[in-house]
Structure formats: structure tokens, C-alpha cells
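Below: one protein chain in two forms, given as C-alpha cells, structure 1 then structure 2.
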Structure 1
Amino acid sequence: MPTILGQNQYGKAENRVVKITRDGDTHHIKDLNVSVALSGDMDDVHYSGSNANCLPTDTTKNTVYAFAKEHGIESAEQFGIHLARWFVNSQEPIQRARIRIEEYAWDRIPTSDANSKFIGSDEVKHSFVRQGQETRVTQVTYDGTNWEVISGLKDLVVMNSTNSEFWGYVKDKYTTLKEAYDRILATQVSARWRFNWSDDEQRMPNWEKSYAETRKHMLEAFAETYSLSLQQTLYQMGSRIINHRSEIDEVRFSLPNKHHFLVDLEPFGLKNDNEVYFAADRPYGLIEATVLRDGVDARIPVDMTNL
């Protein structure tokens, strides 16, 4: 039975590009997931395998990152317009370009009045929390006499666009990672904390206030720590909670390191001065640890942060 080619398109999907714009000490983030689909005179590549009219999908990926540097990202719409116009006008076989963009919004991490010395400084202006993904969780266990309450959160995505380093680590013949003295530090926080309230004779914590305050101290510690490792930041987050919330004895964290790699723009004659990053989703470093009040034994199960 004879066949003919119908509607078709090709391109590079889900190009994660993070653009950091530095306005003095204040940083601005545009975090996009860009998918490019091109169509036009593509019959031959399907019928005979001739690539004469085919712009490589790798080139479309490179264009996304190069345009983030050359044009900036004023808005998702404007960025998409720049890309679509370029692909159609620069390549004769391409007659239609479809650019789909997801934008991930970030809020600045605030500090409390008690830490007002940080307001207006680098410590606030480069620290962000992702909007709209956090989930609050709790587990309550009762045996007729004693209570155990473990609460927490998951999918709280945070980022410091500077004030993070990673160097001085062990190197062997398989090590290729370059030392970093100014990098993005980002993670998706999964945390559980155990309350020391265990029976009805004790004063019950104010659960709503406790959650809000614990989250606040966690974020402040992330924002205010000049980080030499994600492990160091984790410990500061847990310590801040234990030191400020007397009702909590134990905090367990699971922190995937959401790697952001500088894109090599030199092949396009562009300098990437810590501006344009590729946001990788896997593989990722996974940092896990428990922070305890001194004299208290750990009781939160290791796998509970996966719930």
C-alpha cells in the first residue's frame, strides 16, 4: 500500500536555561524550559535520509543558550519570538518554528527583623525560593499512652546564585570536575523534624506557628550561609532550627544537589561570565544527614524523607 508523509516537525525539547542578571549586588533569575520544533521542506530527510535541509537539533540547543547571552531574557514571550524569528528567517528550508516555554518563578528569601543586618546585603539579594511546589507533611503515631509527631516538607526548591564554592576535594584519575569559587547552589529540600511532645501532660505545640517558624529559620540559614559545601549548608539549616525551636529535637534532611553548569559559549564568540547555565536534572549529588539536639538519640527513619 503506498504511503505519503504527513505533518512533521523536529527539534530539541526541554532545554533548561537559567540566566542570571547581576544588577550590582542584586541578582535577577530567569529559569526557562525551552522546547524547539521546526517544520518545512523536510521530505527528503524522511524519504531518503538526506540531511541537506536539516539543521541539527544540537544547533537549536546551542542557539537557545547563545540567545540567552546575546539577547537576554526579558520575558518568556519575547525570548520565544527572538528564537522563532531566527530559525525561520535564517534557514530557507524552515518554514515554521514552534517555541514552547515553561518558566519557573522564584521569590527572594526574606529575613526576619532579628536578622535585619542582612537586609539590603548580598545575603538576601542572591537567595531565592521557587514558587508553588512545596508540600507540607506530617506523621502522627499513638500507642494509647505516648505520641510521636514527625512533620516536615518536601519539594521546597531554593537557590543561591552566588556565595557558594566547592574546591579542595579528593582527586583521582577519574576526576574531571573543575574547582568552583563562585557557583550556583540549588537544592530541592526534603526535611522532617521530630517534636519532643510525647504525652498529654505536656503543653502541646502550636503546630501552625511551629511550621511557619521552622520553615523561616531553614530558609534564613540557607540564604545567610556562605557555603563551601552543600553539607555545610545542611548543617547550618538544621542547627538554626534546633537552636530556635525548643519543641524540636531532631531534623533530617535529604538534599539533592540541583547542578547548574556554565554553558561553553566560546565556540560562538561569546564570553559566559557566570550568566548562562544549563540546569541538569540527573544524575545529581544527594546529600543526607540528621541534625540533633545534644544528648538526644536519632529516631527519624532514614527513608522517611522519601515519603
Structure 2
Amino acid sequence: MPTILGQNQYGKAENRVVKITRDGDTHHIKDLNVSVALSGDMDDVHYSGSNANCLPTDTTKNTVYAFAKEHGIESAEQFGIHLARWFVNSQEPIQRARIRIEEYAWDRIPTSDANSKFIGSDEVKHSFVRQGQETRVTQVTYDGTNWEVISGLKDLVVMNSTNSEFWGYVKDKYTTLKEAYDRILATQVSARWRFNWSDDEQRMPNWEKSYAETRKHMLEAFAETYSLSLQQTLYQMGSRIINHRSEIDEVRFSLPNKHHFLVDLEPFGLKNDNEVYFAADRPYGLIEATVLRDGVDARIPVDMTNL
């Protein structure tokens, strides 16, 4: 046989599960999109179509919904850990499970003044509005021994309207760009961070708190860095996380430079004093890098942040 099978994985992708937890009249919501990918002893299903080792993708879907009831959804990470452990431990041929989860956040809807007197609360306890632009993500991988948890976010759009410069760069025969001493810096953050928790003997991080704090440090670093390049800002965002969050060893960013070009208003006899910008779509600069704790190995794949 001149051809052979290489790396392979399968499962059900994008299982949309919403879990409501009732604490008296107060409801809590977890809203996830769960994708399962399993690997193992799967040569026969590829070579001959024998499904003897193949747990149907439909079953992996059912498991997601059943586990939402059986284990609840404490956090996306914890839910992924339950699922990955189950698939690897319950099925002999499955040697590795990768669970990817997107989480959508919700805020509570405030109550009208008239109603708040009546219900004794300033929020409707079962009413929600989708929060923010960004999506929280996590990927949990388990091979029966070791865990790898990579969490992050995507589509977090941020902008500094000053404190950004770009000059002193290489100029070759194709260079026409003018140096900038005060520009808008805007990007749509895609970030992934890897936890150093890797086996069941270690104490597990507080996933919810870790996410909130990591996001906060990242945003603060973006806002507080006086930027000479988007690369420098990226590095500050990453090192701020590594320095403040001991549970995280590695961060990777994919940062599109969402260009805001000053519009030339001189043809109309007007001066544009850093006021009026054209927000461009394409092309865009794309800056990608890993920042990691000194001494650890990088393991977040290069392509993972721009999925």
C-alpha cells in the first residue's frame, strides 16, 4: 500500500448547549458551543470502513447534553475536563480527546423602577442580554495521563486614540509609508493562554477567576502601553499576564492592525488635526507572537490563534 494514514481525529462539532440553574427565583445561565475531537485506534474505519472502534459522533453529542445534567457546568474548562476524561477512560480505542468550547456571556436586564419596588430587586432574575463582543474559548486535551488546557478569547475589539507611534523602520525600494508620531492603534484581540496545570495531582486553577483577571491585565496593558509598534504592545500584553498569573506559562496573540487612516481634507480647505479617520477593512497588518515564561517550552500551535 503506497499510502498510509497520518494524524486523524473525529467527533461532533458545535454542540450548542444552554444550562439554566435555578437558585430560588434567581436563574443562572451557561451558554456554550462544544466541539469534540477524538483520536486513537482508528485505522480500520479509514482503511476498510469498519466502525467497530468508532463511537458515533452522535453519541459524543448526547454525552455533552447528558453531562450538562450529570455534572453541571461550573466553568467551560471544568466541563471540558469531565468530557475529555470520560471519552478516554470509557472507550479502549480512544487514546486522546480534545474538547473545544466557546462561551457566550450574558448580563442581567435591569428592572424598571415601577417593577423593582414590586419584586424587591433591581434586576429581573430570569432575564438576560448578551454581553460584549468577545467570545471566551477553551481547549482541553487529555491523553489518559496528561492534561493541557489552553484558554483565551477572540473578537475583543480595542482602540487607543493616541499614545501610538510608528517610525524608524526599514525603507526599501517599495516603501512609501510616512512615519507616524500620533496614530490610532486598534485591534481585534485573539489570544490563547496555556495553563501549567497538567495532571490530576496538581491543584486545579480557579478557571472563572483566572479568566476575569487575565482579561483585565491584558486590557490594562493595552491601554497603558505607550506604543512604538503593535509588536511592543503585544509583548506588554503577554508579559503582564505571565507576570501576574502564575497559573499561566504561555500566551499567544493574533492581532490584526485595524488601520484607521487620517482622511486628507485639504482638497476641501479643511485641516484634519487627528480628528477624522477612515476605518479600513482590508488589507490589515497582522501581528502574531508567543510570549512565555522563561524556561518553559512553547506548545500553543502557531496557527491556533487565527482560527
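No experiment lies behind these values; they were computed from the predicted model shown. Sequence positions of structure 1, starting at 1, serve as the residue numbers. Only the largest set of C-alpha atoms that superpose within 1.5 Å between the two forms is called the rigid core.
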Form predicted together with a further copy of the same chain - which displayed structure it is: 2
Rotation (degrees) of the lesser rigid unit against the larger between structures 1 and 2: 175
Shift of the Cα of residue 132 between structures 1 and 2 with the rigid core overlaid, in Å, rounds to 2.6
Core-superposed C-alpha displacement of residue 48 between structures 1 and 2, in angstrom, equals 65.6
